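Taking the form predicted alone, here's one chain by itself in structure tokens.
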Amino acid sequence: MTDSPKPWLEHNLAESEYELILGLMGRVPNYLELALFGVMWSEHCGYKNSKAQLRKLPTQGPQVLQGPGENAGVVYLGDGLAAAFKMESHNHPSAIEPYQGAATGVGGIIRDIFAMGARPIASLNSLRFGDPADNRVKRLLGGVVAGIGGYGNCMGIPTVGGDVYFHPSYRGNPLVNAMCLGLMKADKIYRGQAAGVGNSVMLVGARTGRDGIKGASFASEELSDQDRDKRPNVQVGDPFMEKLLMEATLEILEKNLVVGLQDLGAAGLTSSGAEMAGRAGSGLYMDLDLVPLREEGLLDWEIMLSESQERMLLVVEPAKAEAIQAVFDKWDLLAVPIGKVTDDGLFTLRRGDRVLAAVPAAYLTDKVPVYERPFSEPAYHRAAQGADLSPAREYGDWSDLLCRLLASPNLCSRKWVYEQYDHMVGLNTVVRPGGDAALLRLPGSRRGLALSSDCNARYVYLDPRLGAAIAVAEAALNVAVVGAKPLALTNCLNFGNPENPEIYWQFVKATDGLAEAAKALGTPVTGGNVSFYNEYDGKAIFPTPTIGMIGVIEDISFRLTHHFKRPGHLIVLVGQTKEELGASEVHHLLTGRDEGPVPSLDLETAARLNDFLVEAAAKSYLASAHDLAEGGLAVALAECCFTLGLGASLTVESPVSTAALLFGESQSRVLISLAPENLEAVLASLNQSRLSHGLVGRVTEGPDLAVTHGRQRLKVDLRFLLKAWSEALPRAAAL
């Protein structure tokens, strides 16, 4: 600590924010008090640059039991059952220390779920890296994947899905977005509130150390080559202790021993204590002499800002404290009273009778300045719309182009990633990773829960509003193609520096698109995370508003998977193919450029397509369903064939170019296969749903994939494609 003439700078506060604090407090805050404001008014905790735009998002619906503002959102599933789910980022820590950064990201989101009273049953992750040929990226990729697997596998929580994409914009600042879902009784939701004057405040779980200090502020900074010395900002996880903490916490909740509880995540004791008091409109004090420490000599501000993992804060009635301690003793964990709930509205820190800091809790949580930043359209935006798309149209050797696409980083098999995760533990996983969405069995029921994550960041970069809407629509379609009705979403909004008008323009437009799509598809936003300042040496990542979607299927025996099942089945292409090659993977592969118009999206059509798929699955009309996304029809066809080694023969009549037919990425399209006897019923349903469609071919014995379009033809041995597709990522990831 120093007597700096500009004390706000050390805490990542603006001078205007410091002046606001002076006005609120009516005095000069001491170092510890200013540290509290620094983390609570950071973007990571206070959402000061995003809150104004987040208000646009739909958060209500008959299915929503808990919306944004708590540890996680909760939706009703029926039959007295509810799901708690949320997605958060751990980008900056993963850039500095990939294994621990990713591992503790998983640990943190798991705690958010069981803090609501839900037992976590599944995790997903959404990852973004630079060029996998880059040795730095190889190290980050390997460390992150190992960290996710290491923590999740030890916890006994299956990692059932996610997505991985590569682009040079993520080279120095990877994205690690972790999602978790848990199940609970709908009438037993717990919230993070410090209610009941005189109730005890207990710290449970691990001891407090120096790891992760100022992690929340660190997450609100840009990265550079000088950031390797920020490893102390990265938390260190212990999944075995978290497993004990989860079981002990769920046990005391089952016994109704807790008034409120909160995960100690970003900003540690500061955010958990202040937020719990702020939500309840109460105050609380903590005695730092009572906080169990892992090492000697921690300063007061270090204790309060530490983000040591595997810790929870409980508010309990004094008469129940002994019973709680007995439970935690059984699980060999600490449970220590460190303070009490008060009626003065103050967040007070003490050492014995000596007051170290006293700040109204509402100042830390409710007085965070909210900024609506100036924004302007970037120069690149309009310039990128007028792309020359002839390289794909004139390529000619369609078989060769398909092979190149399937071996490209964004379209090759992700098996190298998900085979490092345990996705079957718990025995609830019905549809495993590798398809459009994961599907879990709801215990004691024939019903199931589908989960997916998605975002095409190139689309968002080129057209933020449309690209974000497509991310929502694609995530919903991923759920629908397994036969589940999309229910609700969480998100993780990853952007660059919001103080840059062009970055803020991306954010404003993207949240417009997200709100529009969520409303149209009936999938309210139950919570999530905003991650700004994702830049490296002054260069921003592609804007990446990642969507985590869940949906419900009434009977898992009627589930759909993406792959073809039997020779002789008919293949129908649902949806309209347009001359849309802009922003596509094929254009980027051939030119190395991110440009062109983003494919159009009709949200009303997207909603009707989802309804058709859910109904067709429930009536057992279909053998398979697979959405057409990056890489278009040809890539989707290959993926449908790979699982069982079946082939396909298609003849497609379409006015578009052969390149657009095979590799264009027109939205709201699905490839379905069905037994011939179901054709009449399927066509009738498609006509009733007012969906464009065409009978285009049959599933064959293999091994060939053949598509005829006028005088143009693609024909290739699928074994050749499978080899290219399956070997690309392990080869690229090898150091």
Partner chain sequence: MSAKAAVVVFPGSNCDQDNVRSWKAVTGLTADLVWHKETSLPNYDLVIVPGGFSFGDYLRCGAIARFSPIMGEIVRLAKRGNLILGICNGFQILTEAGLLPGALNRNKNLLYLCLDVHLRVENDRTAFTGDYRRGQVLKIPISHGEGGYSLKASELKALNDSDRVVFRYCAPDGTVSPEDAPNGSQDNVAGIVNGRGNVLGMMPHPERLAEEDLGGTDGRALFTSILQTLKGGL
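Residue numbers count along the first chain shown, from 1. Please read these numbers as outputs of a predicted model, since none were measured by experiment.
What comes next is about the form predicted in complex with the partner chain, which is not displayed.
Asker: With the partner chain left out of view, which of Tyr371, Tyr380, Phe375, Phe240 would have a heavy atom within 4.5 Å of it in the predicted bound form?
Answerer: It is Phe240 that has a heavy atom within 4.5 Å of the partner.
Asker: Pick from Arg441, Arg171, Lys485, Lys138: which has a non-hydrogen atom within 4.5 Å of the partner chain in the predicted bound form?
Answerer: Filtering the options by heavy-atom distance leaves Arg441.
Asker: Can you pick the stretch from 642 to 650, 276 to 284, 412 to 420, 595 to 603 whose heavy atoms fall within 4.5 Å of the partner chain in the predicted bound form?
Answerer: Comparing against the partner chain in the predicted bound form, the contact stretch is 412 to 420.
Asker: Flag Asn153 as yes or no: does it have a non-hydrogen atom within 4.5 angstroms of any non-hydrogen atom of the partner chain in the predicted bound form?
Answerer: Judged by the heavy-atom cut-off of 4.5 Å, Asn153 is in contact with the partner chain in the predicted bound form.
Asker: Does Asp388 reach the partner chain in the predicted bound form, with heavy atoms at most 4.5 Å apart?
Answerer: Contact check for Asp388: no, nothing within 4.5 Å of the partner chain in the predicted bound form.
Asker: Evaluate Trp505 for contact with the partner chain in the predicted bound form, applying a 4.5 angstroms cut-off between non-hydrogen atoms, and reply yes or no.
Answerer: Close contact is absent here: in the predicted bound form, Trp505 is far from the partner chain, nothing within 4.5 Å, heavy atoms only.
Asker: Mark Asp329 yes when one of its heavy atoms lies within 4.5 Å of a heavy atom of the partner chain in the predicted bound form, and no otherwise.
Answerer: Yes, Asp329 is a contact residue.
Asker: Sequence order please: the residues of 244 to 265 with a heavy atom within 4.5 Å of the partner chain in the predicted bound form.
Answerer: Result: Leu244 alone.
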